[in-house]
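Starting off, we have a lone chain in the form predicted on its own, written out as structure tokens.
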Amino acid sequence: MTDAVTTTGLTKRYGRRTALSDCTLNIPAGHVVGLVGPNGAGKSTLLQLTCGLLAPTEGRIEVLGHTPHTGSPRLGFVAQDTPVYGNLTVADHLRFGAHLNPGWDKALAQRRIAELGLDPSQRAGKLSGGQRAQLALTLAIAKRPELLLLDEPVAALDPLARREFLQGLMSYAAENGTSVVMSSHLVADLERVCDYLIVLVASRVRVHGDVDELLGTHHRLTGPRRDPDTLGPGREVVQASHTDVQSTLVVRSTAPVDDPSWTSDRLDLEDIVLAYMAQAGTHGRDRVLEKR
């Protein structure tokens, strides 16, 4: 299998509001995939469709070669705010996970809890935000899923807790070859851990692809003012701004830009994402793409 998730024309509407529109994607297996976009872009909707919590309004989705359904042992899901049961102890959570999941890896769960220094008798409601996130991640990966879905799992964590969470996630993914799709508005975190990127803006996919390929093919061109349409084939203008004498273009190029009148600069991942947001006419960047 080469794709963990395949969608064709996937659409989800709630009455008159469209949460996800005409989404066509092939998310490769064996990768850590970053799903990024502003609040309300459709990230949570796509993840919930992927794990079977929602049904499409239109279109098709296959996950690991099958129609998704809730409770699949092949999927692990950590929802927003890393929900745990405040009145249950850490040990209670592990027993609950073992009861619900026939493929439960008891040794993995207990080893992670010990490595994290969590007290099995501690109630989850008394844990710190980072500890609750780590407990939720432990419950998800002890299922031994083939695909792990994470919906902004580190958004509310402090920088140290975020780093520890991501280190644990990366160690597990690297050791087990698990496919991971993680939504986040923290591009610095995604740039550190993801090798594939999907940008969702206003319910639509704006760009997706291998991170190295995206970084290698996007450039900022600065030169004398000109019509972007004159750049020629193989060059997609993502964003353009102009003064009276100068043009600045963000370009995705499959052909070399060898015009000496242009100054070409490489972009980082945040620059690329913000350019596609601007292309889509998005101005509400309230919580999106923070660098911390």
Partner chain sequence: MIEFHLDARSGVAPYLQLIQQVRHALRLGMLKEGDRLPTVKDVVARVAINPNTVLKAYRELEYEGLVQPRPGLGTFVTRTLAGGDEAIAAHEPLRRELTDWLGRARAAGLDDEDVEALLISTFREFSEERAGRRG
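Residue numbers count along the first chain shown, from 1. Predicted model, so just to flag it, every value in this text is computed and none were measured.
Here the subject shifts to the form predicted together with its partner chain, a form of this protein not shown in this document.
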Open item on the list: Does its partner chain, in the predicted complex, lie within 4.5 angstroms of each residue among Ala91, Ala107 and Gln110, using heavy atoms as the measure?
Closed with: no
Open item on the list: in the predicted complex, is there a heavy atom of its partner chain that lies within 4.5 Å of any heavy atom of Val32, even though the partner is absent here?
Closed with: yes
Open item on the list: Against its partner chain in the predicted complex, would Asp119 count as a contact residue? Criterion: heavy atoms within 4.5 Å.
Closed with: no
Task: Contact label in the predicted complex: Glu175 to its partner chain, heavy atom within 4.5 Å - done: yes
- [ ] Report yes if any heavy atom of Asp158 sits within 4.5 Å of a heavy atom of its partner chain in the predicted complex; otherwise report no.
- [x] no
- [ ] Just give me the single entry in Arg144, Arg95, Arg192, Arg123 that has a non-hydrogen atom within 4.5 angstroms of its partner chain in the predicted complex.
- [x] Arg192
Open item on the list: Using a 4.5 Å heavy atom cut-off, which residue among Ala202, Met170, Ala79, Leu127 comes into contact with its partner chain in the predicted complex?
Closed with: Met170
Task: Stretch in contact in the predicted complex with its partner chain, which is absent here, among 130 to 138, 99 to 107, 147 to 155, 160 to 168 (heavy atoms within 4.5 Å) - done: 160 to 168
Task: Heavy atom within 4.5 Å of its partner chain in the predicted complex - qualifying residues of 197 to 219 - done: Asp212
